Ligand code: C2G
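Form predicted on its own, single chain, as structure tokens, below.
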Amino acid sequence: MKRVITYGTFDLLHYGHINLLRRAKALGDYLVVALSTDEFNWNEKRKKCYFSYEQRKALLEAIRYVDLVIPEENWEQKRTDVKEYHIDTFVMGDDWEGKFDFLKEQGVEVVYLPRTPEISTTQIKSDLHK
């Protein structure tokens, strides 16, 4: 079984997120999503989420492409996650291009997928403020 992992906040879930999850799942048989906790989002990323971690987790678990949702609590856990969950492929959006290539040293394929260009959570928030 080929295992894939991706990371994100997935707040204000939209079709760009679904596209990413669908394409990530197509790269393997089992998709793990590491979902940023509320504390990690605020303390490290300076992001305030609309939906709580538990709400975002429930939304992700309802998506057919997602097999398992785990908490992302710090930047460094990627090294241990790929080992603990026996990950073959690490997937992120191409806005992170090159940032996680260090995982290749652990024998993990690293793939950066193109983002859905016309949609983002930041764009949604900006449009709603207008």
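Throughout, we count residues from 1 along the sequence that is shown. Given the structure is predicted, the values throughout are model-derived calculations rather than measurements.
Omitted here: the form predicted in complex with the ligand. The next part is about that form.
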As a check of understanding, the residue in 54, 105, 95, 29 with any heavy atom within 4.5 Å of the ligand in the model of the complex should be identified as 95
Taking heavy atoms and a 4.5 Å cut-off, does residue 23 contact the ligand in the model of the complex? yes
Residue 50 near the ligand in the model of the complex, any heavy atom under 4.5 Å? no
Does the ligand get within 4.5 angstroms of any non-hydrogen atom of residue 45 in the model of the complex? yes
Is residue 89 a contact residue for the ligand in the model of the complex, using a 4.5 Å heavy atom cut-off? no
In sequence order, the residues of 57-81 that place a heavy atom within 4.5 Å of the ligand in the model of the complex are 72, 75, 78
